[in-house]
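Next up: a single chain in structure tokens, the form predicted alone.
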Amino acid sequence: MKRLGTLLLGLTLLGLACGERDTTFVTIGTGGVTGVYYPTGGAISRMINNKSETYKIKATVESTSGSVFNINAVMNGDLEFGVAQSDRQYQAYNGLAEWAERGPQSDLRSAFSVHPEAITLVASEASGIKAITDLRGKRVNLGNPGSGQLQNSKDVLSAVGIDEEEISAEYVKAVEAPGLLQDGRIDAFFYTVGHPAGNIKEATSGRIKVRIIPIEGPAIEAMIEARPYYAEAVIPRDFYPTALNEEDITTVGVKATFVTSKYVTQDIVYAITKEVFENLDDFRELHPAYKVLSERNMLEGLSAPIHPGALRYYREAGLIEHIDPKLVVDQAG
């Protein structure tokens, strides 16, 4: 009887070991635990883990320092997936910014976009600013040196033909801007952020009444065409009920994108893409920043080629027509 028990235990352990070998483990790089990237990775991992018996995939989430780390770790094979800003995706794939010395990261692949990080322009009512072209002669915070939002602000101003010298520019951190606006020391400020954001809630809830200014029009459309890491974004008005806006605000921004490598197998990328898109209603409920997600806008803001596994799903779902043809490059993955 003892020998039989030992044999049964051995067979059980062998079965577990075989099952373990049949399962593929993947890791998703995100960001700080207080940001939006971390719950994004967590939501995606839960979706795939709920179907672990179907796909034989188990996903874990790693909190990281963000976009640049995630892209480099995916390229090194330390992560299978990562969340990264769309402008960082563009820079990596084209060998710009942090990747200028090591060159284009041509093995980088994109799967889809997630939530928008909108370029948000907040202005006091007293300033009289109703449109971005009203900024001339105003006191405007563009963002601190070295920040992503500073470059975003400059891109938008340049697109509408406003020179930096035509405004009274400030260059302080985003955290300081609401206080400056409420103290009357600036007329407006830019901030690139996922919504709802505490910074914008602070700015819209003080003594001085403010509105969020739309960033739209032909000049902005041309900027999006010229810089593929930008995409249209919408800020829901009900995120900021104390602002003067009466309807949702159209703007532009970068996207949080889900990236991988050409060396991650098609079946894995297909499974994750399928689960996210086929459970989009549930996904939207997981975080307020996801409220504006649609199948179409989750295919915008990408610059690295779409991974073949994701393309397989998009063809099946009839979504291929919404993808920039330049990104449809079938390669082994």
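In this text, all values refer to a predicted model and were calculated from it rather than measured experimentally. Quick note: we count residues from 1 along the sequence shown, nothing fancier.
The discussion below concerns the form predicted together with a small molecule, not included here.
Within 4.5 Å of the small molecule in the model of the complex, a heavy atom is found for none of Thr27, Gln89 and Phe112. Contact check for Val36: a heavy atom falls within 4.5 Å of the small molecule in the model of the complex.
Using a 4.5 Å cutoff between non-hydrogen atoms, Pro305 does not count as a contact of the small molecule in the model of the complex.
Residue contact check for Gly148: one or more of its heavy atoms lie within 4.5 Å of the small molecule in the model of the complex.
Contact check for Tyr191: a non-hydrogen atom falls within 4.5 Å of the small molecule in the model of the complex. Only one segment in the set 66-74, 260-268, 275-283, 50-58 has any non-hydrogen atom within 4.5 angstroms of the small molecule in the model of the complex, and it is 66-74. For the options Ser124, Gln85, Ser153, Gln105, the one in contact with the small molecule in the model of the complex, meaning a heavy atom within 4.5 Å, is Gln85.
Pairwise change in the model of the complex: Ala118 and Glu321 C-alpha atoms lie farther apart than in the shown form, at least 3 Å. In comparison with the shown form, the Cα-Cα distance of Thr64 and Ile119 decreases by at least 3 angstroms in the model of the complex.
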